[in-house]
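There is one chain below, alone, in structure tokens, taken in the form predicted on its own.
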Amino acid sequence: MSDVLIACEGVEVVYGTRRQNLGLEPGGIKVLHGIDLEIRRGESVGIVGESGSGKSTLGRAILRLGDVAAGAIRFAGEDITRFSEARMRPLRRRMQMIFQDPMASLNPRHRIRRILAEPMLFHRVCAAGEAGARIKRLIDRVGLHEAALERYPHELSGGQRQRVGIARAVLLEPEFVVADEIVSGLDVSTQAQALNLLKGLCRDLGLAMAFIGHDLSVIRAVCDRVYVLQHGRVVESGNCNQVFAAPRADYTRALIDAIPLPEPDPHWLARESLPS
């Protein structure tokens, strides 16, 4: 069995089209241009770029949450590019998404206990009588008190809601998760907690992950390899340490230069302090 879990081959996505009986109508704006990407089992891969680079579109395309105009997406060796929603439904348990804004992805009318129980019962992961114990174990694993299960999403902090989002994604024991900008709305200390939690879960559960972000320092802390997107095209890819040490693309160097330094270069400070 191949260790490649996700494979994108020449993937193109076009916005502004409508579905027809035999595919998509012509026209629209192409936002992904022939993307080639591989993610191996148990591997964490970063997809990085500035806003509008197409990284979130790529993540949704991999999960078949949007239409693919050209190319192929393979999951565990099976071409799922043209699968109907009915054929995708059994695969949803095996591939999950952690959304950027947990407040928008959690039902505000339901308590956290019900939010976590529903997907397990829908996918028949366990019997109804076993769901409660399973939820309690995982809620403790993600660092939340059991009392949080009786609260509504608006009664939790942003970091707590993101932990619920992570718990909901891994409850189904998937093989692959897409984490879409999951720390962009959190303060620095909460970011570190969420990243350490996600990294530990992926390691312990053997999950493959596509981590979408715009901050290369975060990508480097979490991922094994990285794909750099600019205007819907991959401009560079490789091992994170290698890309950081010797970036080949000017765009990648610009992203690295944008990372704030904890201790600014004293020569830069001296130059900036000179009178004009």
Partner chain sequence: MAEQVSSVAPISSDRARKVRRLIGRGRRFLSLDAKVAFGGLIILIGLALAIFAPLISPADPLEQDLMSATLPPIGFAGADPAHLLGTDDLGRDVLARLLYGGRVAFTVAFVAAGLAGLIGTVLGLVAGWYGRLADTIVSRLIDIWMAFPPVLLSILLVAVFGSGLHSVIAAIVIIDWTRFARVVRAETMAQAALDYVTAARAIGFPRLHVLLNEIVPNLWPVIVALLSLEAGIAVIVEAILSFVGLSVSSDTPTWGGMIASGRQILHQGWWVLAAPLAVLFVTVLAFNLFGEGMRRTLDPVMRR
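Because the structure is predicted, anything quoted here is derived from the model rather than measured. Numbering follows the first chain given and starts at 1.
What comes next is about the form predicted together with the partner chain, which does not appear here.
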Using a 4.5 Å heavy atom cut-off, which residue among D204, E130, E150, D140 comes into contact with the partner chain in the predicted complex? E150
In the predicted complex, the residue from I166, V177, I73, L106 that sits within 4.5 Å of the partner chain by heavy atoms: L106
R225 near the partner chain in the predicted complex, any heavy atom under 4.5 Å? no
Give a yes or no for E173: in the predicted complex, does one of its heavy atoms lie within 4.5 Å of a heavy atom belonging to the partner chain? no
Would R134 sit within 4.5 Å of the partner chain in the predicted complex, counting heavy atoms only? no
F99 versus the partner chain, in the predicted complex: is there a non-hydrogen atom within 4.5 Å? yes
Contact check in the predicted complex: E9, R41 and S44 versus the partner chain, with a cutoff of 4.5 Å between any heavy atoms. Do all three pass? no
Residues from 176-205 in contact with the partner chain (non-hydrogen atom within 4.5 Å) in the predicted complex: T190, Q193
